[in-house]
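What follows is a single chain, given as structure tokens, in the form predicted alone.
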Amino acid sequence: MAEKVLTIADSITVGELAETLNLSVTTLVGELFKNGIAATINQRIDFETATIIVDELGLDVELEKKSTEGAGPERKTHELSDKAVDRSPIVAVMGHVDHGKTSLLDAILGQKVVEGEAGGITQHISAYQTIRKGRSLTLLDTPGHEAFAALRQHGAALTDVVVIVVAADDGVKPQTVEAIRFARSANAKIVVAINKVDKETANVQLVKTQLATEHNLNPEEWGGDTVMVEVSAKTGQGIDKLLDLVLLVADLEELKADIEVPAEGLVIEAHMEVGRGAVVGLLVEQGILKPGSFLVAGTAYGKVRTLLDFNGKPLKEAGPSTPATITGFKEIPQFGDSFEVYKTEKEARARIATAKIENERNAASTNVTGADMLKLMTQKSETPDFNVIVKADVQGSLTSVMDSLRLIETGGQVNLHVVSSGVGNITENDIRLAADDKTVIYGFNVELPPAVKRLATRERAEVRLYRVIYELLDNAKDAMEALLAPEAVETVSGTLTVKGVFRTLKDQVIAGGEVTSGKVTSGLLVRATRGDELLAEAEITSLQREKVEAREAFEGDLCGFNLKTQRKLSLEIGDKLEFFTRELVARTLK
């Protein structure tokens, strides 16, 4: 049994968790990275992920979830009417890195679904649809634990079935365990796809034994209730059987949704495109979304200008369980925001105004920790943001640069935001995006074409090209340090006890006393206290010893002094004076 029980919220930042566990942020970020999670200090992880990491680190600690009663409204559930119709199942596909999750999606969809994806670490869920025996299935590609955690947090009801991909030649791995935990948290049905059965080193029985004995997922043929299918994304073996069983599992749930209601759903992707504005990926939960509809998502709103399917083809409408891409939002909504349709733009604007007020009201009370409160009390300004666009020659280089940037230890002093990323030379779109957001463009082994360079000069966009990754990272660290406000550092020189007060004026005090420690020199700052009460700060302008002007006085010396004050200071015998210097020192990332 663990010696220590620690209570944390349902979600917690990496920095807060490190502080709670008494670990360095670097250690925690490194462990997350080993588990396929590239996180920054301010990034939130959910309770289940925190538990997994504690187990991986072997800490003698047990985490307990803090009660959320009264913490605020949860995502609303919908009571189905008698007019509800059948809807397609929504299937999240998850798996450990290199276990063939993407290849399996390729095999199902008959296309390369990840070609051209921006960045090796996606922060959103990609949605696709396929048809099997005249029925549609919606597939959610969950490229990282965070995306699925956000989906579960904002709309667990949108996930019906989770297909967990496990490589037959590799067995259960950390992200496999995460997938199982998340699926159970979402109350979703689990189907296991044992992939790579075509390989000579495949050991299907070992995978089934691991899942059964270690994770209580017992195969149906062993008397359990977990559907397991042997597949090969490479040869296509078992793909049809997998889809048939997913449909069968979904049928047992009798999935339905209302369509004669205003459309609602979830934002699963959002980005800006030159010429198109905000491009937003949605997953419809109920109702029917049509062009011309007024949408509100979080604190963003817009009118549906174009409505496209996952292939970019125009849609006349999008019903329940349908992924759609739209344009028309005035600004980018946040991933995971719920969206709702309103009859008029006036109603949409009114809802936005209310949402912004609610956000401001809740900002200071939601998930605020002792560390947050300390920051609020001590920081006069918000944590600065360092926005970057990353371009690299190949996907592997891009992934390395992105991972390394996120692992720069900032100690919570700077927020790193990757505005955009991609493979290939720097483009005019990159320049325009950087100019708008005051963003630094980092190019790794790529070129800056002459026309783009001229645009960069005209738009005053910063472009920094590197061939060595460490030089790029050193520059990023230096740039983040340059954003830090200088720190006021005080150095105490000496202390004195007041023995007599000779004159008190509006902005001047003439007094005498005994130096009790260190030394006192003219020009130092002075902090006057009476017991625990701070009286004022002043500056010593002159010093006398034995009625003669002196440069300094040491411990045990009696001396007279003249203090210059900003307001009247009434010293008394017995008051303490602390003499110190204060200078602004450039801060560095810790």
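Note that residue numbering begins at 1 and tracks the sequence as displayed. Keep in mind that this is a model prediction, so the values were computed, not measured.
Form predicted in complex with guanosine-5'-diphosphate: not shown, discussed below.
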Is Q286 close enough to guanosine-5'-diphosphate in the model of the complex to count, meaning some heavy atom within 4.5 Å?
no
Contact test in the model of the complex: S232 vs guanosine-5'-diphosphate, heavy atoms, 4.5 Å:
yes
D198, heavy atom within 4.5 angstroms of guanosine-5'-diphosphate in the model of the complex
yes
4.5 angstroms heavy atom contact with guanosine-5'-diphosphate in the model of the complex for E462
no
Single option in D98, E447, D474, E214 placed near guanosine-5'-diphosphate in the model of the complex, where near means a heavy atom within 4.5 Å
D98
Position in contact with guanosine-5'-diphosphate when the complex is considered in the model of the complex, options S103, T327, T226, S126, heavy atoms within 4.5 Å
S103
Looking at 489 to 497, 421 to 429, 190 to 198, 271 to 279, which one sits within 4.5 Å of guanosine-5'-diphosphate in the model of the complex if you count heavy atoms only?
190 to 198
Contact set, 246 to 262 vs guanosine-5'-diphosphate in the model of the complex - heavy atom within 4.5 angstroms:
none
